[in-house]
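Read the single chain below, which is given as structure tokens and is the form predicted alone.
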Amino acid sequence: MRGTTRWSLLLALVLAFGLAAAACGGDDDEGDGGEAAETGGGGEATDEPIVIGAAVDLTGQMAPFDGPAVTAAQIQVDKLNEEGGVAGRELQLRVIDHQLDPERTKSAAIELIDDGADVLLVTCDVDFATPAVQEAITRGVLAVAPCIGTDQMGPERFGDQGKLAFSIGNVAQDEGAAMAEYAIDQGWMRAATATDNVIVYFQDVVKAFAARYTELGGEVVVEESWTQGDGTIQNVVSALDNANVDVIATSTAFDDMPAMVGGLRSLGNDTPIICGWSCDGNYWLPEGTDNFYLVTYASVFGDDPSDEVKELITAMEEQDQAPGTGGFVTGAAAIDAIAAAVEETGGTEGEALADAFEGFEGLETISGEISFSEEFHSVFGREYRVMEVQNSQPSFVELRAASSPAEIE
């Protein structure tokens, strides 16, 4: 995801997550993996360590997303090493905090690759990640984002070299489709959509919802839009309040999210609202929020259906890095996917790893089964956790996978 320059809720999240720097290493410091083996970014099979570099943000507005993902990745690295490593090789994770500065992002990628990184983890927004991604793919190194949610992490944005770029985040076309299929199953046949135009991910989730919803016989009767922070959210609230619909679908975050939800509820409007992962967490929920639904990667509220996910949450809590949203699990899943690709190819050559990723269909990871394709280098097919919020308390409802990604323009 990508933020604007000043969002107070992101700052609150940064404090809540403790920046994850203590666990992952600070600015230009190495992570718990120690010295990186000088393997020059991959190549022939060897008994040298597999070095995973991470050029991420641990101190800026992406820290609430990057930090927990990197902490979970380190825990998964340690777990795999305890089990004997990958293809007989130890995993090492080295982290550099680029603080979202484009030049630092590029230089972090260069330093990590020059020091032997075989794979590069990048920040959870494709715009912020681009300097690192471009450096990696130009040098033939696989670039993996834990939670970018658009189809731009791949050839869509980076052309032919984008074959080496992937995200473990759910592609928006899949997330919006899952939301729509859940809404139809609830009998919500008339919908309003509220599109936050601040980033492509928000826009595409709502587009995907509308596309699948109408395919299944639903009718979108009201379409509202705004841009985060433009001061028009109350106009959107008024329009939605006057809509005669069964459900309101959105994808947004930051200050305008509680303003929209709280504004509707303060007017006595109890229409169900459904959102994607961007609405996960209870840090933002206005008091008395009811009839609010979302889909996410994992429940951080003690009721996730996966024992393995619960164990990961406990491990993070023991490091004082309790996750605030389900997005943390994609960091561990990224390690699972990288490990599977190395096992399949027998090495760390970037294009071979990319071929393996494109061939993953129902790959088992800690986050559930994930799939990629030549078209989608972000995940589809994963089972979402559908969460319901009543009295401002989120709780797990069911697992739900979209039948297929929706087609959007």
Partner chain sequence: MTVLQTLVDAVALGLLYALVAMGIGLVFGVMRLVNFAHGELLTAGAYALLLTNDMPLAVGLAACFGAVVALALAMEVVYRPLRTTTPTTMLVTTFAVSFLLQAVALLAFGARGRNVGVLSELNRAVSIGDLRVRWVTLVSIGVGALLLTATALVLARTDVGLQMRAAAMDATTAQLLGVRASTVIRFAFLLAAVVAAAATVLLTVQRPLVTPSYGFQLVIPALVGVVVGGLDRLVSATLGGFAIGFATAVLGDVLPADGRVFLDTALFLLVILVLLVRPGGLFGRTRAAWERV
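All values derive from a computational prediction rather than experimental measurement. Positions refer to the first chain, counted from 1.
One more form of this protein should be noted, the form predicted in complex with its partner chain, which is absent from this view; the next part is about it.
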statement: Exactly one of Y182, W284, F158, F292 comes within 4.5 Å of its partner chain in the predicted bound form through a heavy atom, and that residue is W284
field: Contact assignment for its partner chain in the predicted bound form, among N81, Q186, T214, Q234, heavy atom within 4.5 Å
entry: Q234
Listed range touching its partner chain, judged in the predicted bound form by heavy atoms within 4.5 Å, from 313-321, 114-122, 250-258, 88-96: 250-258
query: Looking at the partner-bound form in the predicted bound form, is T138 within 4.5 Å of its partner chain by any heavy atom?
result: no
- prompt: Going by a heavy atom distance of 4.5 Å, is D241 a contact of its partner chain in the predicted bound form?
  reply: yes
- prompt: So in the predicted bound form, does P49 come within 4.5 Å of its partner chain, heavy atom to heavy atom?
  reply: no
task: Verify the contact flag for T365: yes if a non-hydrogen atom of it lies within 4.5 Å of a non-hydrogen atom of its partner chain in the predicted bound form, no if not.
output: no
message: Residues Q74, T130 and G350 are flagged as a possible site; in the predicted bound form, is every one of them within 4.5 Å of its partner chain by some non-hydrogen atom?
response: no
field: Residues in 221-235 with any heavy atom within 4.5 Å of its partner chain in the predicted bound form
entry: E223, E224, S225, T227, D230, G231, T232, Q234, N235
